[in-house]
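Single chain ahead, by itself, as structure tokens, in the form predicted on its own.
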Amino acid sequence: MTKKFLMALLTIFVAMIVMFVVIQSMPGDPVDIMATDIMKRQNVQYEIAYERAKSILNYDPEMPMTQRFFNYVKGIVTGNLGTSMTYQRSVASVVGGALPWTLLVVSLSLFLSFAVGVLLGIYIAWKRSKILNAVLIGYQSIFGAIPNYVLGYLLVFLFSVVLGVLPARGAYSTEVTPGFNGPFIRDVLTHACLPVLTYFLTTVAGWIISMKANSLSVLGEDYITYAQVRGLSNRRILTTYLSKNALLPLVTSLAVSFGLLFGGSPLIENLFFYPGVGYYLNKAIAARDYPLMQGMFFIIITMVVLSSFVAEFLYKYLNPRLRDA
């Protein structure tokens, strides 16, 4: 397990290098953009505006890339991710404010789609109904072909514009007082409905299909036939023999899917103006806010790699045959 952990750290480090080079190679200079704006508003020469922009943004584009990378790695090790050019506050505080919202939406979406997918997958496999199989294939053909952000637009149009029953943007209303109180919690969950529903509708069919396939495989095992011959109730066969064995391979997929959903959050969060990691990442890319981009990408990379690491650990823990491997 130590080797796997070191490999995960190495993967994060290599991904950081690639991410850093890509970000620094992006066209557009934030200092030049601000200098042009200052020159127009304050009617000063470009050289003066450029120096003022460098001072405001605290960013020197002439600094060698190697020095910038060294400062970035040093900041990560010391817990200092830098200062956002856009928001003029530490990247760590921006990440700290955005991370809980992304975790809320991703966790709710994944839990609901996984739970529903497992239950329906077992039911369809047990019933062996051609009608249910046809419905499942049709559902997957439709929602599997629609990108989640396109489905998000359709949900906004239906539930916010036409029906007016769900909010289309933000994490909570300005009328409620943030804190651990009933009105705020209800308002937060109401605002999370559309992002969660978008993720749910586009992922639940995958869990159903996977669980159905695993269940059909388990149903063909001898111990299931022996349990039926012994006269055990269907409920006991489903809960004791079928579900536990069919669920095992999906546990690792659950952890991996958490990382993938987390990494795919920018499009959905930007669509719903949901103030999570993806939303601020989009803002940072548009403004060429390099420190904020690097901080957000670092969090996403870390979550994806750690999710894969946790998935492998869980599979070995749940499968005794692999504990000594």
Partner chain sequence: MRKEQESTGVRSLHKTSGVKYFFSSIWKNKMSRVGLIILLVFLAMAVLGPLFLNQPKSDYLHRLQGPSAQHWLGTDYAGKDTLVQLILGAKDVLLVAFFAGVISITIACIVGIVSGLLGGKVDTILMVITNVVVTIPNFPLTMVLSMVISITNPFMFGLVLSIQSWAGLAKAIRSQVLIIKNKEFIEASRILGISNFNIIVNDVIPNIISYIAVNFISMMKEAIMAAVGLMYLGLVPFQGNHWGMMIQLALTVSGAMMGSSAIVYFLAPVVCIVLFQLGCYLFATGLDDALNPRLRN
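Numbering follows the first chain given and starts at 1. Computed from a prediction, not measured in an experiment: that's the story for all the values here.
Beyond what is shown, the protein has a form predicted in complex with its partner chain; the following relates to that form.
Have a look at 47 to 55, 64 to 72, 284 to 292, 34 to 42 and name the one stretch with heavy atoms inside 4.5 Å of its partner chain in the predicted bound form.
That would be stretch 284 to 292.
Candidate spot 249, 252 and 258, all three in 4.5 Å heavy atom range of its partner chain in the predicted bound form?
Not a single residue of the candidate spot has a heavy atom within 4.5 Å of its partner chain in the predicted bound form.
Does the 4.5 Å heavy atom contact test between residue 170 and its partner chain in the predicted bound form come out positive?
Answer no; every heavy atom of residue 170 is more than 4.5 Å from its partner chain in the predicted bound form.
May I ask you to check whether residue 144 falls inside a 4.5 Å heavy atom distance of its partner chain in the predicted bound form?
Contact with its partner chain, yes.
With the cut-off set at 4.5 Å between non-hydrogen atoms, does residue 223 touch its partner chain in the predicted bound form?
No, no contact at 4.5 Å.
Evaluate residue 77 for contact with its partner chain in the predicted bound form, applying a 4.5 angstroms cut-off between non-hydrogen atoms, and reply yes or no.
No.
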